[in-house]
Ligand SMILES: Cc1cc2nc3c(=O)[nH]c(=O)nc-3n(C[C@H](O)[C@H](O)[C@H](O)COP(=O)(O)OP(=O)(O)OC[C@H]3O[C@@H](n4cnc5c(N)ncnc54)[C@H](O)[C@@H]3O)c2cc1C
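We begin with a single chain expressed as structure tokens, specifically the form predicted alone.
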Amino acid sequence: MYDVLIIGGGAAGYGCALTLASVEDKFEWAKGRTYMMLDDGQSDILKARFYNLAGVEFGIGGDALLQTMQKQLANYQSVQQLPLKVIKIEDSSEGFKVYCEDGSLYEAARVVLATGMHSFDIAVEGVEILSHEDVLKPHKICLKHTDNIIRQGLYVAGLASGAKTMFAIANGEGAKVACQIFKEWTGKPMVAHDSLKNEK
């Protein structure tokens, strides 16, 4: 049973996962929590090259950027990454059951959908598909939500939430959802600040 399961390993998925995992040893309320990211390997990042993304190599290819994020996330013990396609999500007494195409099943208290804007083919109750109105290309979708929450325990981040198609914006959307979850756990606004340079 994971505390949070993230579906989608793109800008928003990694923004959420890295933010969640980065507090694993910083707060008592974060210790012992576990996270899972499931991704089908179809992220648009793989087709891109980045020239306006702060803090990374100018002109970095999407494949190299994804590898960098995978390595970053691997620094944390609280999170796992698996290359699996999710086909169905069901409610359970403790949250959600997440079924994958290979027959595997994972359970989580909360689920974050970071599945992009091209389509949404996961069978799940309570998800309404809308037209994405903030992109140049036609026939793109987003999921209906209020402040990134579809319903209790089910969140949406990044392009699937209607965000613009820029890595930095989608990445920030993922971090925002992680901070919303922190607030639910603690009852107060929380963020994941990095340590000062001289701290360990």
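Just so we're clear, the structure is a prediction, and the values are computed from it rather than from any experiment. Residue indices: 1-based, along the sequence shown.
The protein also exists as the form predicted in complex with the ligand; that form is not presented, and the subsequent description refers to it.
Although the partner is absent from the chain shown here, none of 21, 35 and 55 has a heavy atom within 4.5 Å of the ligand in the predicted bound form. Among heavy atoms of residue 121, some come within 4.5 Å of the ligand in the predicted bound form.
A residue is said to contact a partner when one of its heavy atoms sits within 4.5 Å of a partner heavy atom; residue 97 fails this definition for the ligand in the predicted bound form, lying far away. Put simply, residue 86 is close to the ligand in the predicted bound form: some heavy atom of it is within 4.5 Å. The closest heavy atom approach of residue 149 to the ligand in the predicted bound form falls outside 4.5 Å. Contact with the ligand in the predicted bound form, defined as a heavy atom within 4.5 Å, holds for exactly one of 49, 26, 139, 144, namely 49. Residues 38, 39, 40, 41, 42, 43, 44, 45, 47, 48, 49, 50, 52 are the members of 38 to 56 with a non-hydrogen atom no more than 4.5 angstroms from the ligand in the predicted bound form.
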